[in-house]
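In structure tokens, the next block holds one chain alone, the form predicted alone.
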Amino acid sequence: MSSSGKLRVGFIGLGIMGQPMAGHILAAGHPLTVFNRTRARTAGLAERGATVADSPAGVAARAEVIVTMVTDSPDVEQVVAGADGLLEAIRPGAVVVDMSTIAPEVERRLDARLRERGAALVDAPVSGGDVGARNATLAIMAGGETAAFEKARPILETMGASITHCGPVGSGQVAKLCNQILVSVTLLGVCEALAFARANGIDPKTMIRAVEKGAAGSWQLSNLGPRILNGDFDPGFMVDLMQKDLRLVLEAAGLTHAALPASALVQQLFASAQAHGQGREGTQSLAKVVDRLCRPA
């Protein structure tokens, strides 16, 4: 604890979501040490009082709770166990909170490595996108030992409006992958409904108004439906990142022999979006794939 009674926190990964998330921790009064591979992205937080470290190990040397927010399983493994990684300087009693979306098995393996050093891991992936990150309204799904989760909770509360402890290490990632199944398959339904309405002579905007307050209502319909109709394909969450998450879903499903035909289908349709150069567009670009399928040759 710092002299103010606040946890000393580290944050690694200052991308679109990491920047505002780290900012909320700093605004809550926690002494903050940050690291990012592109050092320029640390400048704004440094101006607000954050300390900038030269490596993940430098963050670990100064922090009791260390948040990681990077892209994929190999990135988290490098941050934790690679050269100049957290394991080289982690303090006994420290908690690593991985808020990336990665494979559950990787979280379990890294937790075992951290426990050899007297530390622990909480996997705490999020839903809510860049808007949730900016507004501190993220839904956070956490896995880990209860004591580690409770130590991390005050930091999670600075970033999220909904925090659920889902079970042991890896459980947060499983819950997040369930989230990605739901949002991607639901989005496909939205895209098909828009195409069907248009093909059958109903204004798609009218269709949305008619059904969104009933049983068919969803966040995807009310938020992404209008963006599709307005031709707004800017990313709140990119196709490339959804494809990474669906890869994790299907890999985990293969290990447990879970049959997920809808997830496999939507993954293939997103692959078409990537093939047409739309990987960095928002996931609502799935509508372009459906439109191509509906368009006469």
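Start at 1 with the first residue shown and count on from there. Note that the structure is a prediction, hence the values are computed from the model and not measured.
One more form of this protein exists, namely the form predicted together with another copy of the chain; it is left out here, but the text below deals with it.
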Problem set entry | Thr38: touches another copy of the chain in the predicted complex, heavy atom cutoff 4.5 angstroms | no
Is there a non-hydrogen atom of Met238 within 4.5 angstroms of a non-hydrogen atom of another copy of the chain in the predicted complex? no
Close approach of Arg117 to another copy of the chain in the predicted complex, 4.5 Å, heavy atom = no
**Report entry** 4.5 Å heavy atom contact, Val190 and another copy of the chain in the predicted complex
**Finding:** yes
From Gln78, Thr158, Asn179, Thr71: within 4.5 Å of another copy of the chain in the predicted complex by heavy atoms is Asn179
From Ala271, Ala28, Leu260, Ala57: within 4.5 Å of another copy of the chain in the predicted complex by heavy atoms is Leu260
In the predicted complex, does every one of Ser100, Ala112 and Thr146 come within 4.5 Å of another copy of the chain, counting any heavy atom? no
Exactly one listed stretch (244-252, 225-233, 59-67, 40-48) reaches within 4.5 angstroms of another copy of the chain in the predicted complex by non-hydrogen atoms, and it is 244-252
Contacts from 152-188 to another copy of the chain in the predicted complex (any heavy atom within 4.5 Å), listed N to C, are Thr164, His165, Cys166, Ser171, Val174, Ala175, Leu177, Cys178, Asn179, Ile181, Leu182, Val183, Val185, Thr186, Leu188
